[in-house]
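Here we start with a single chain on its own, the form predicted alone, put down as structure tokens.
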Amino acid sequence: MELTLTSDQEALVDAFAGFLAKESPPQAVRAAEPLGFDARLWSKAVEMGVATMALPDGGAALLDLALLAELVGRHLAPIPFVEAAVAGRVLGEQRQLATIALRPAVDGVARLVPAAAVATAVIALDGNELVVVEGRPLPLAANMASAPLADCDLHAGERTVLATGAEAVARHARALDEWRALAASVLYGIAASALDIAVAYAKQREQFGKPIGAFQSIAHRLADDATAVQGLQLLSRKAAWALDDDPTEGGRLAAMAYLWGGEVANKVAGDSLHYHGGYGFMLEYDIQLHFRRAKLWSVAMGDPRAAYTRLGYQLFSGAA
């Protein structure tokens, strides 16, 4: 396993980081609420090639996409990068804006599909069929994180069957593994940015004549948070790498990275918010943007406790 960035990857990260620093500051994130989507920003990102690089002929490895997903999380960019990237890899071609349902449909309806409120195509597992349904964006399902979630009736619109039976299940499962790995990278970015905010505030805010970061109760928690964030970066990158280079372990690592990412992002964002005292809950402070999004990303696939149970069976089902 080689996770040291190549010169091409470093150039990719530098270019996208500069782009998001300019185009997705906190005021732009706020302006995109409550829909959670900035059409202008997405159009510019597409022009940069971030949508086509996810396609099979785009030349990008999943680790390359994970590096961009980290930056999407750091800047809370209101674009459906992860969903569009995963959907593009399933379809093998670029659609105007495609997304994927994270849970199988029930009675022909896919619930709380990420980005479905802005997407023109939704991929979903409906019974034993993997389908793509094209049509207009769907009505927004209001949520705490201002994400473009929506329910999708898979029998409304133009429906195309992509695969059936075991192949459909396998392709959907692979797409979910890729979503987990990229979502873990987004969660890392959210956590890393929240940690930066916490450190800056702990240096600035004074109590009893000294910065609050000088008190052990805060300094030690910041150190623990920094360690957890660094570990999450390593695990999420390893998961993305493994899905391309070590398929036998890729799915398990993606599940681990996503679940750990949810825990880390929630803890770090929560710690940072509480270091701000009552100010942290106010809309004028940026940390609440990270706190709300960490909550949503970590439960987007359902109850993490159930996911931990499934992971445990995967890891230890062969043990005595």
Partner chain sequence: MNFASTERAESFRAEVRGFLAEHVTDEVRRRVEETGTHHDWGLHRAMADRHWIAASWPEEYGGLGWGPWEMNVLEEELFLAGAPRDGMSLTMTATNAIHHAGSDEQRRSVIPRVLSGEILLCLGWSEPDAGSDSASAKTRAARDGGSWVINGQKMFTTMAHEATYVFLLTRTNTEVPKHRGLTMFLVPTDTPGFELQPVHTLGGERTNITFYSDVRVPDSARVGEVDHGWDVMRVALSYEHGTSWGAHLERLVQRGAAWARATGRIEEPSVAERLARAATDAEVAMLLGQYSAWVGESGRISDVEASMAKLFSSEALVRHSGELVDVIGPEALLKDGQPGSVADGDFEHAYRQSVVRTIYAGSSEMQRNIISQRGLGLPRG
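From a predicted model like this one, the values you see are computed outputs, not experimental measurements. Numbering follows the first chain given and starts at 1.
This next part talks about the form predicted together with the partner chain, which is not shown.
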- [ ] Give a yes or no on whether every one of V50, M53 and G280 sits within 4.5 angstroms of the partner chain in the model of the complex by heavy atom.
- [x] no
- [ ] Work out which of P104, P137, G157, P211 lies within 4.5 Å of the partner chain in the model of the complex, going by heavy atoms.
- [x] P211
Open item on the list: I need to confirm a contact call. Of V161, A170, A223, A142, which residue comes within 4.5 Å of the partner chain in the model of the complex, counting heavy atoms only?
Closed with: A223
TODO: Report yes if any heavy atom of G18 sits within 4.5 Å of a heavy atom of the partner chain in the model of the complex; otherwise report no.
DONE: no
Open item on the list: Would you classify L65 as touching the partner chain in the model of the complex, given a 4.5 Å non-hydrogen atom cut-off?
Closed with: no
TODO: May I ask you to state whether T248 is within 4.5 Å of the partner chain in the model of the complex, using heavy atom distances?
DONE: no
Open item on the list: I'd like to know whether T120 contacts the partner chain in the model of the complex, with contact meaning heavy atoms within 4.5 angstroms.
Closed with: no
Open item on the list: Partner absent here, but in the model of the complex, which of 129 to 137, 177 to 185, 88 to 96, 200 to 208 has residues with a heavy atom within 4.5 Å of the partner chain?
Closed with: 200 to 208
Task: Members of 233 to 251 lying within 4.5 angstroms of the partner chain, judged by heavy atom, in the model of the complex - done: L234, L235, R237, K238, W241
